[in-house]
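Okay, here we've got a single chain as structure tokens, the form predicted on its own, with questions on binding and movement later.
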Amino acid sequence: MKYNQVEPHINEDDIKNVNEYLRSGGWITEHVKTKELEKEISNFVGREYAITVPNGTIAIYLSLLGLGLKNKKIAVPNITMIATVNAILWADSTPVLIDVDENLCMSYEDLVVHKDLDAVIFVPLNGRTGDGEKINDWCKETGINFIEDSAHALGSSYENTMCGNLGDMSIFSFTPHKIITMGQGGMVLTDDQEKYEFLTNLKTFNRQKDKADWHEDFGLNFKITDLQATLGLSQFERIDSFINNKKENYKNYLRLIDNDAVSVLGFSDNEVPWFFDIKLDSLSSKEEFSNQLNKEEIETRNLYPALSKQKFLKKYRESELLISERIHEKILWLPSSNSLVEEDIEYISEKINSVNA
């Protein structure tokens, strides 16, 4: 048996619900089911409005447009998935790379030295919330826009707020390795009705009314499908069990891994682990662990490289980024699927404990 680092968890109810929708006579494209999904998730995190889009990258891009952030300076953590920074470039804006802290989230101390920012994109990486609320408060005080890229963090909470409900706008992603999936898909969330209407119109060609070919203004097609939304709704029905399973699997990894070369990175009770991560002493040690586990059919994945190490982004490196440029070489993501049960974690942990590196 091979343990994939991650895979979607699709059950018979998901298959049944999708089949029923296909037999229902629905036109597949975005309609009632999509609105239901938007309502369910906006209610779950406490937002007023949600707008579904084809993926998380587009969600970040539309958040920037919704806040008028073209040709601006936007802070982004130096460790995040490439989509976060690419959306900034897509909006003709300039990324300002900020180092991370021990939570692998944007460092508050490294952020506040920058005095000429127009916006901050905060990423609760891997479900960890870091200083997100503190940074949001600083942005409010200084008049800086705050966008929360919660692609990893559905179900996680800050001290006072759920992920997805922080800042001017927030986003989720529903790709196959997220806590719930519909294959592809993203979502923008906001409490601002004017921005909600702007983005809704923008993503539907700015039609004057449904089925009309007169348009109020420029618009594009960033719709999803009710077929995707049906799967998303089916997955969302199990959100509590997904969250509980993630937390239990984390506790089991923490309890069972006993190798002096390995540190299991922690989560607080209000955080939902997206991936389970271990830290090694060096790049060579990490590679040795990865190679040996791969021989046992246990797949791992490296933490995202620091953005400042990407060839096309090096020109945006303006300050020392010591933590992020070193830490990415030492972290492995372990098997993290919601299909894993305690016996699987026991087996994987046993193999980790047997590695000499």
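Don't overthink the numbering: it's just position in the shown sequence, from 1. Quick caveat, the model's predicted, so the values are computed rather than measured.
Another form exists, predicted in complex with a small molecule; not displayed. Remarks below refer to it.
- This chain is drawn without the small molecule; in the model of the complex, the residue among His177, Lys279, Lys251, Lys73 with a heavy atom within 4.5 Å of it is His177.
- With the partner removed from view, the residue among Ile135, Ile98, Ala119, Ala151 that has a non-hydrogen atom within 4.5 Å of the small molecule in the model of the complex turns out to be Ala151.
- Annotation: in the model of the complex, residues Gly56, Thr84 and Tyr304 each come within 4.5 Å of the small molecule through at least one heavy atom.
- The small molecule is not shown here, but in the model of the complex it comes within 4.5 Å of a heavy atom of Gly185.
- Taking the partner from the other structure, the small molecule in the model of the complex has no heavy atom within 4.5 Å of any heavy atom of Leu189.
- Under a 4.5 angstroms non-hydrogen atom cutoff, the small molecule in the model of the complex has Ile60 among its neighbouring residues.
- Put simply, Ser156 is far from the small molecule in the model of the complex: not one heavy atom of it is within 4.5 Å.
- Listed stretches are 108-116, 168-176, 229-237, 196-204; the contact stretch with the small molecule in the model of the complex is 168-176, by a heavy atom cutoff of 4.5 Å.
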